[in-house]
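Have a look below at one chain only, the form predicted on its own, in structure tokens format.
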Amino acid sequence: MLKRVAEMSGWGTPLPAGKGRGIAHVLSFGTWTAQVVQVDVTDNTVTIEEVWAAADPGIVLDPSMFKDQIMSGINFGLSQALGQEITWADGQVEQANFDTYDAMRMYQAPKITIELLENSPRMGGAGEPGTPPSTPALANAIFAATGKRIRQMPLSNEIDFI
């Protein structure tokens, strides 16, 4: 899994200054998922350029739908990093709906490449497995580009995103 996503992303090839790649993997809902995120950091502002994902859910009945589900999970995970946060005031949650718990916008969405591996002996989940590795891979990419370790969510509390 890690080897495949590393091959897909060109892991280990040099990047220009201000760019970085980060990697993360997880077993979620019975599906191993690995991701590499590539960023560009210019003037302390992060652009998420590209995401590569390899997932092994076992037998895939509808590969196109499975890839769509992994992609939506990636976008959801990146949205969390870009600013989704639950805050409280006077004992009440301040985010009542999606107008105050915003998602990543189209102009922020990176190019995403997904490859399915069907090696697992059991069928795994499709939607959720794309979410957990996206933020750690993003944080690792920011570290690779800047040397700055961000350890709290959302990452946008410590660095700006386009």
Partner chain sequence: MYPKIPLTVNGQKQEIEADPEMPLLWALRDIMDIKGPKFGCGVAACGACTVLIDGEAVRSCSQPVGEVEGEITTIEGISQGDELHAVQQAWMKHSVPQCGYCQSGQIMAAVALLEENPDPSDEDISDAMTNLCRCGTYPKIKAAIKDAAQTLGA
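Keep in mind that what you see is a predicted model, and the values were worked out from it rather than measured. Numbering follows the first chain given and starts at 1.
Another form, the form predicted in complex with its partner chain, is not on view; read the next lines as being about it.
Within this chain, Q69 lines the site of its partner chain in the predicted bound form, having a heavy atom no more than 4.5 Å away. Under a 4.5 angstroms non-hydrogen atom cutoff, its partner chain in the predicted bound form has M104 among its neighbouring residues. Using a 4.5 Å cutoff between non-hydrogen atoms, M123 does not count as a contact of its partner chain in the predicted bound form.
Contact check for P136: every heavy atom lies farther than 4.5 Å from its partner chain in the predicted bound form.
Three-residue candidate spot M1, S9 and T33; no residue lies within 4.5 angstroms of its partner chain in the predicted bound form by any non-hydrogen atom. With the partner left out here, its partner chain still marks one of 23 to 31, 51 to 59, 115 to 123, 95 to 103 in the predicted bound form; by a 4.5 Å heavy atom cut-off that stretch is 95 to 103. Counting a residue when any of its non-hydrogen atoms is within 4.5 Å of its partner chain in the predicted bound form, the hits in 76 to 91 run F76, Q84.
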